[in-house]
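Coming up is one lone chain in structure tokens, specifically the form predicted on its own.
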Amino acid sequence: MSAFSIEVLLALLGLAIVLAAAFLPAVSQRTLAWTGIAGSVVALLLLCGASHAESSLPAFVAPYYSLDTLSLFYKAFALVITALVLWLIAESDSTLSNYSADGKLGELVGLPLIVCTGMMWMASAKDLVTVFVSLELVTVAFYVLVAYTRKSALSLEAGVKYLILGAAATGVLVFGAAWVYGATGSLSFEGIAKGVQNAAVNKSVLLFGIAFLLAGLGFKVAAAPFHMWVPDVYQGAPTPVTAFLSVGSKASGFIVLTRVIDALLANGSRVTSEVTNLLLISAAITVLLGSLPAIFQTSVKRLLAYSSISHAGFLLLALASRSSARFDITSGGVVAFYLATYLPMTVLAFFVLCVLRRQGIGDSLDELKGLGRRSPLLALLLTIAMASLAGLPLTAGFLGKMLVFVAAVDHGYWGVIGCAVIGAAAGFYYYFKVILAIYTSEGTTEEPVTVSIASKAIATALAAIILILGLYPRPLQKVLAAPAAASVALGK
């Protein structure tokens, strides 16, 4: 079975779940959610056992579909985050049902599988047309997911903002792609790479198209100055959807951005300095505009929204730095490594918020007070997640940031490094502000927080992954390292 066939089956499963929820009302919402989780896990196992040769693909797909190391990694990444998001939905079913229009969660369970399919297609896209189709499949589904809890005014507001700004960003992206096609005569990444090397190509026209293309993608990854939608949308969307946006949507945007940057900065490119400077400026602004406002936030969801912007800045810095002199790993590999460490800590943080919301506890810092006494396990899990997000040594988050700083130092980008240091320092303040709140003795309630055994096991596993990757990242590095450097490791 080819990877493409697995993706089609996954999309069909998503449609089947939506139809089952509509026509089989007796089926419980948790059953549908766990069916989606099982489907994602089976798809992941099938992907591991599937043929990774492009010759296994259907003939009508092969010209537009790649199966390299990065695409396979991001496909697995998409399946993992989808399964975890469905788990969060299952944990929040009672809360989400109260705010949905009909008390059902069929679309909220089925659409993530369709989003996952779009993310997997995006990872394998060879040209901008395939990117656009896959990206719209993901984005349109997110429009529904963000506004799904329609009885909540915040959710409706978030849905409208995301729809309007997302549609505008799509127009900008297509406009940029059209100009790039007009300049290079190609929409494929290979053709664009050849076009940027061609002295006959009008450089001004090409740069104009590149600016709009990167602006459209900048919205998708929450890069400044196209990031202002993030705090309101993240705060208003259902918490599992916020986790999906923060991790899944960001990852799908960055795999596309990685492909585009690789094409634009190919050897002999005539636009290398301009594109690199644009990435560095955006990275510096993104880190600062994400980190500094987060200091003043009292809502944990909104704080995580601003921190997500800051992390996008670090990822842009990794893309601008290209390969590191100390570790033979491409900029795309650094981005993938960073996202792999970002996944468990972000999902773990949102899991705690989902559990608290189910208990009637909000996400403000005041309402988190006393959590260490009410649920020592949840407090410990949230502490690990926040410490890793801050980049504390011996956690996965530290290594992700370390790779970015190493690559930037090797290229001497000292101005942007200074901004990144400020952002990282601010991160320690606002992440540890959350940790301080949960261990504050006074709380608004003394009610104990209950968690199911299965959820405790999954959450504990995520926390263990954060710590294991912080101490022993070698397996993940070997997956992403350049072939010639498979034996190089971050930890000895």
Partner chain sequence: MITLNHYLFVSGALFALGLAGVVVRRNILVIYMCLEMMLSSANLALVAFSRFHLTDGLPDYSAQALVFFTITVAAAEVAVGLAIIVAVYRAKNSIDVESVTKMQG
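These numbers come from a predicted model, not from an experiment. Positions refer to the first chain, counted from 1.
If you look for the form predicted together with its partner chain, you will not find it shown, but the lines that follow are about it.
Chemist: Can you say which of 333-341, 355-363, 297-305, 267-275 gets within 4.5 Å of its partner chain in the predicted complex, counting heavy atoms only?
Modeler: Going through the listed ranges, the match is 297-305.
Chemist: Please tell me which of D93, D410, E157, D262 lies within 4.5 Å of its partner chain in the predicted complex, judged by heavy atoms.
Modeler: Residue within 4.5 Å of the partner: E157.
Chemist: Which one, V421, A199, I164, L394, lies within 4.5 Å of its partner chain in the predicted complex by heavy atoms?
Modeler: Only one option qualifies, and that one is I164.
Chemist: So, in the predicted complex, is R373 in contact with its partner chain at a 4.5 angstroms heavy atom limit?
Modeler: No - in the predicted complex, heavy atoms of R373 and its partner chain never come within 4.5 Å of each other.
Chemist: I'd like to know if V172 sits close to its partner chain in the predicted complex, meaning any non-hydrogen atom pair within 4.5 angstroms.
Modeler: Output for V172 is yes: heavy atoms within 4.5 Å of its partner chain.
Chemist: Spell out, yes or no, whether the shortest heavy atom distance between F189 and its partner chain in the predicted complex is within 4.5 Å.
Modeler: Heavy-atom contact with its partner chain at 4.5 Å: absent for F189.
Chemist: With heavy atoms only and a cut-off of 4.5 Å, decide whether S249 touches its partner chain in the predicted complex.
Modeler: No, S249 stays farther than 4.5 Å from its partner chain in the predicted complex.
Chemist: Assess the spot marked by R30, V42 and L44: is its partner chain within 4.5 Å of a heavy atom from every one of these residues in the predicted complex?
Modeler: Checked in the predicted complex: no contact with its partner chain for any of the three.
Chemist: Who in 122-146 is close to its partner chain in the predicted complex, meaning a heavy atom within 4.5 Å?
Modeler: Residues within 4.5 Å: V129, F132, V133, E136, V140, Y143, V144.
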